[in-house]
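Below you will find one chain, with nothing else, as structure tokens; this is the form predicted on its own, and questions on how it binds or moves follow later.
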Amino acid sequence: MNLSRRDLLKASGIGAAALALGGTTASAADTTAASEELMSAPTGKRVLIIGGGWGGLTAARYIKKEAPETEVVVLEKRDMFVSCPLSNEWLAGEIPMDFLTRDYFTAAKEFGYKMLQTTVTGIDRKTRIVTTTTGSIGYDYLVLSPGIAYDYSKWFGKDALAAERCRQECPPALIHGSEHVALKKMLEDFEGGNFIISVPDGAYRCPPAPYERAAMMAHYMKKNGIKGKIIILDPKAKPAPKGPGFLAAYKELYPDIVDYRPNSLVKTVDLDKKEVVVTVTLADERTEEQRIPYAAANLMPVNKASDIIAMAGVSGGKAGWGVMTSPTFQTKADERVFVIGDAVGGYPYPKSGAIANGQGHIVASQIASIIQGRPTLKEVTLPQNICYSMVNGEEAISIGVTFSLMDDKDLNGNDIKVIKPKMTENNTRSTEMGKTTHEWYKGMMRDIFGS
């Protein structure tokens, strides 16, 4: 997909800087396009879904299944679905790209929803109109599933140009697209030295991702006889989840390759010198600053919610995650607006594909019940999570998480219900678990795409 200069600046967050250097504002043609209606008004209700990932596409399929009279429209800026789950295997050359990709059109045609490739530029909840780069469209109910964005401010302050340079030179690869392709090329071209992987501080997409990625990249280096070291910089004291399984894999499979460093928080990156500046917390709780050189780097900054969440006026907190009426996925700001997937905040849900898929099912049932005038779900349904992580070409470890509503007290002693997780880890790697990983993924793709 070709991006205009205007789209690139907007995507990278450097539009304001570019304008200060002599950029231009939106043209009359842009304004005219945004004011044109994308679609005529439906005969019944319309559900608009922003985001064509695991959560958004699940919601689209199952809203249409449970309320077939409803018009369901998905807005997605990308022209192809690429899965982040299992992408670490692709990085290591263990699976082909075809295993991760799907076209958007086949499923939309089969299940009866509409798919529009466009970029959202504004959301007006009062008029219930969403504007895009190609026109405007109204809705009766809005589902936001736009995923994550990156926050480089802790590393570079307000220097958006440095942030974009870091994203390109040290791709985080938590958002599918060019970042993944660039990281794979870096690994294939790597000839030795330090390959640094940083674990984000705070909540981030697919919590095992950096640890699994380190194992799979080490597997690639071992298989191809590449002399080098993968240094994992983790702000936490140990990997989580599946810490014992990952640490055992690093020690037993890759003792000369993986160097795991806990309590190591990235403070900034010197892109010219190719050094990562790290604050390390020592055993006696003193801290010291270290500068670690790198030949290549996969640097994952703080994650935050997509700007779509703030655009809709349903965000909260520093990271801007969606604020819901617990324990449902209706937003506190507007009962007609739902948030699912990685942009969900305030709940102990990991930002995983399985959770997004589960939330898509739940919200589909909620919206279908509302549209058809049926009683909403009497018992609150909570999503469940299963997550598999490959540690080499054949073996995997796993974690399952169930969630339940529990009685608790707030700070004032009032009775409240809270969501609490219960985790079951399997940290013993096995080839059987590796096979299960692929079967689980194929099942998820069947649920979302039908094949």
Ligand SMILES: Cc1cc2nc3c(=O)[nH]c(=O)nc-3n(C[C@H](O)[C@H](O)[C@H](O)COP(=O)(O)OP(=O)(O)OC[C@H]3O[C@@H](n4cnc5c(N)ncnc54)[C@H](O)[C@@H]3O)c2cc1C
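A quick note: this is a predicted structure, and the numbers were derived from the prediction, not measured. Residue numbers run from 1 along the displayed sequence.
Just so it is clear, the following notes concern the form predicted in complex with this ligand, a form of the same protein that is not shown.
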{"query": "Non-hydrogen atom contact Ser198 with this ligand in the model of the complex at 4.5 angstroms", "finding": "no"}
{"query": "4.5 Å heavy atom contact, Tyr104 and this ligand in the model of the complex", "finding": "yes"}
{"query": "Partner proximity in the model of the complex: Pro146 to this ligand, non-hydrogen atom cutoff 4.5 Å", "finding": "yes"}
{"query": "Partner proximity in the model of the complex: Tyr62 to this ligand, non-hydrogen atom cutoff 4.5 Å", "finding": "no"}
{"query": "Contact stretch among 313-321, 220-228, 362-370, 168-176 - heavy atom within 4.5 Å of this ligand in the model of the complex", "finding": "168-176"}
{"query": "Residues Arg46, Tyr141 and Thr331 all lining this ligand in the model of the complex, heavy atom within 4.5 Å", "finding": "no"}
{"query": "Residue among Val120, Leu100, Ile137, Val266 with a heavy atom within 4.5 Å of this ligand in the model of the complex", "finding": "Val120"}
{"query": "Stretch 416-437 - residues with a heavy atom within 4.5 Å of this ligand in the model of the complex", "finding": "none"}
